[in-house]
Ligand SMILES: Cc1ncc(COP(=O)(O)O)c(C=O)c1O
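Take a look at this one chain, the form predicted alone, written out in structure tokens.
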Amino acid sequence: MSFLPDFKLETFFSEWEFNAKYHMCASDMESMTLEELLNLGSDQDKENWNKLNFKYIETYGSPELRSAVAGSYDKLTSKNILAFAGAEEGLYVAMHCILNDDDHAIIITPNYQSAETIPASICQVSGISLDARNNWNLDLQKIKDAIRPNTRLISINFPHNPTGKVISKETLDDLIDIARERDIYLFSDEVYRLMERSEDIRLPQIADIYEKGLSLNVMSKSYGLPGLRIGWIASQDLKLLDKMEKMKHYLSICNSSPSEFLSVIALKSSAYILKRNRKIIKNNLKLLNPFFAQHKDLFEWNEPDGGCIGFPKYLGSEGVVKFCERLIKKHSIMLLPGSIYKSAIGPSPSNHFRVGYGRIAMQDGLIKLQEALDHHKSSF
């Protein structure tokens, strides 16, 4: 196992996230206050909250949390759920419990960096890039061509970070057939699920439909509660979950009991929270789509299939890195340059940047961005 490289996205966010006035590349939804969340609970929930004991809880997650999470799947029960301190811990543990140094993994690019660097620190990896020239589609033939005799895992993420792409159900079914035929695990990052523009394109959760599938999810994205730091992996493979639980003993041991309690309230109120969050996205896209349409000379933009982030292309002559640097240093506008998504295992789309549209201050940010474009008109 090799050392993990600097996490470029998190380093960038550490420098700028809490300093930029206009944060326009957030990957999560507008969050809630403790009061707002508790008000979604019952009177009994509020009484139980006031009496909550700050004790250790089960490593697997509290029975209440696992039951609430299992209720979001079609075919799974509490025994199929293992809770983690956020999605990142789940990803880390899964990769280390599935992969060995003589294995091979296939990873979709571009990606959230740890989806690539963690397996790459364990074994050989191959990158399969989504096609930027074809609406970010996934070419399954490239997957087939990349498979080796020792391929043990394929890692996917839809709705995709950062493009918002959702592949078709037929493509997912074919991918499962490919994996099943070769006895390969499918690790599916589903943290943006339930935020599709249309329910018609929503994919089933991989843990429901494939015996060697792992579904990763978290309270941070669709539910807009990243401060709770609660994630989970769902799988039909109980032996693998047990192995992962034993590795968790060396990491977080167990989650925060207040965070799991509040997550249960949120999951029981998911219909309300998701309706609220989809409305925010819909309203923001009504602002963002015409903005990009008015600036076709500077941006190439197609509304993403799902999630609350997109990956438009910057067409200006100075390139996206200088564009983003100028915005953040001179105008306190934070966009995430696509260079952050540069991959060591495959080609990286050039001159793209990530924009987030899950928070309520979109209009203020676009007004400021328009002012910045007007101010530097001769340069842009």
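In this text the structure is predicted, and so the values were computed from the model without any measurement. The first residue of the sequence shown is number 1, and the count goes up from there.
The protein also exists as the form predicted together with the named molecule; that form is not presented, and the subsequent description refers to it.
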Q: Given the named molecule in the predicted bound form, answer whether the residues Thr59, Ser62 and Ile233 all have a heavy atom inside 4.5 Å of it.
A: no
**Q.** Distance check, Asn161 to the named molecule in the predicted bound form, heavy atom within 4.5 Å
**A.** yes
Q) Would Ser220 count as touching the named molecule in the predicted bound form under a 4.5 Å heavy atom rule? A) yes
(Q) Ala87 versus the named molecule, in the predicted bound form: is there a non-hydrogen atom within 4.5 Å? (A) yes
Q.
Against the named molecule in the predicted bound form, would Val191 count as a contact residue? Criterion: heavy atoms within 4.5 Å.
A. yes
Q) Of the listed stretches (191-199, 274-282, 169-177, 261-269), which one has a non-hydrogen atom within 4.5 Å of the named molecule in the predicted bound form? A) 191-199
Q | Listed residue that, although the named molecule is not shown, lies within 4.5 Å of it in the predicted bound form (heavy atoms), from Ser31, Ser27, Asn351, Ser343 | A | Ser27
Q) Can you pick the one in Lys243, Arg152, Arg229, His96 that has a heavy atom within 4.5 Å of the named molecule in the predicted bound form? A) Arg229
Q: Residue by residue through 103-127, tell me which have a non-hydrogen atom within 4.5 angstroms of the named molecule in the predicted bound form.
A: Tyr112
